[in-house]
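So this first bit is one chain, no partners, the form predicted alone, shown in structure tokens.
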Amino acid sequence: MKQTDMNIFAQLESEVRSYCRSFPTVFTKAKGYKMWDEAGKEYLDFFSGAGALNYGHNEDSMKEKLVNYIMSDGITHSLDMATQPKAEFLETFNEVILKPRNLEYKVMFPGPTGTNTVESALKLARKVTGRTDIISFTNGFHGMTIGSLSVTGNAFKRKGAGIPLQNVVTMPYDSFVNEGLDTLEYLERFLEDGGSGVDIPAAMILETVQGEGGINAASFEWLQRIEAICKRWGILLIVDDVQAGVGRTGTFFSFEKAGIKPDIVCMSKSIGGYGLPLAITLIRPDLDIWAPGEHNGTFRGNNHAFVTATAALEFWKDPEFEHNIQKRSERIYSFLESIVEKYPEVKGEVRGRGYMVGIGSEVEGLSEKIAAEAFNRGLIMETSGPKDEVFKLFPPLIIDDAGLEAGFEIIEASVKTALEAAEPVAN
């Protein structure tokens, strides 16, 4: 097989490309929690498409259903016309996911990506309440289009908008300043005081675990108090579960263990199951006041994704699937704690929840070096946080114990190597 010249990407693709710089090889095959490049080198995937591949690569049951559907000339593109795959997804999602959790939502298909579902949520919140402002939180990430970017904290990404990002007030996330500051007492004081300059917003939007912002996990108490504040002031609560949802934090929705019920939920990434583009916006039924066609998108009817999304929900019919996620989550967290303890030079802290975890290091550049060394050793993981100070573990939910242990070995070896390289050379 002819080897691909990596220079082709530098010559012909935009400078905006990112992940191919972190993982400089040409991938050709993937299965489960493994990937292979042109040279035949095998990699463990602890990246999972940034959370879009929670069920791993090319899962057999999804692949079979998708291939059969394609070979039968099933509808591919349908805008929001009625199709059998869409009906099956809606019914299965309601029966398998919503009803057992005592949740009632209308399902909106806003377009195929995470930023599409966030944009629709913000627009609907403003339409329902008649207010313009949104409260977002420090280090939140919600997408790269203008509305979603306005509620995103990262200064580098915000600057890319090229225009002022308005009608948003940023408040401190849980433990943003320090453990001692009650960020919600601070927030509510702004709402109570007519001289604060902060109007009552249409909505608050948050991630229960911040993915791109540094794997910061809000406490369940903090989330419960946020919900109570929203109810007190008639503010809609939007939970962005694009990355943290679909089992990534241990339960299907990331907010389940907090016992809250958001007014609007944004989902994308792994909701499609197979890595096919799909996004949904879950709306409390009384808030569904859209006029027909008031919000639309050409590719909101991705029937191939409906097929694989429905097949993926089969996993959730078996309680053992979720139980295994939570059991292995404990192993992952314990491993990271052991790294922090064994290697104090990392100056690290374990962050996150479930399969959405990492180590934040105070040593500048260390997390990036660890991730790069892991890639050289055959493991794919990325960094997170405003300064890329966190190396994060996002293995697929279907990974087995052998895969985890192999990954742990590579990560520990990478930590050792990165620390040795950082040590000053003796004269």
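Note that residue numbering begins at 1 and tracks the sequence as displayed. Model, not experiment: these values are computed from the prediction.
Keep in mind that the form predicted in complex with another copy of the chain is missing from the display, and what follows is about it.
Under a 4.5 angstroms non-hydrogen atom cutoff, another copy of the chain in the predicted bound form lacks Ala422 among its neighbouring residues.
Contact check for Thr25: a non-hydrogen atom falls within 4.5 Å of another copy of the chain in the predicted bound form. Proximity of Ser61 to another copy of the chain in the predicted bound form falls outside the 4.5 Å heavy atom cutoff. A residue is said to contact a partner when one of its heavy atoms sits within 4.5 Å of a partner heavy atom; Glu405 fails this definition for another copy of the chain in the predicted bound form, lying far away. Of the candidates Val340, Ala228, Met144, Val96, Met144 is the one whose heavy atoms come within 4.5 Å of another copy of the chain in the predicted bound form; the others do not.
The partner is absent here; in the predicted bound form, the one residue of Glu349, Glu256, Asp288, Glu322 having a heavy atom within 4.5 Å of another copy of the chain is Asp288. Only one listed stretch (110-118, 323-331, 246-254, 220-228) carries heavy atoms within 4.5 Å of another copy of the chain in the predicted bound form, and that stretch is 110-118. Contacts to another copy of the chain in the predicted bound form (heavy atom within 4.5 Å) from stretch 286-324: Asp288, Trp290, Ala291, Pro292, Gly293, Glu294, His295, Asn296, Thr298, Phe299, Arg300, Asn302, His304.
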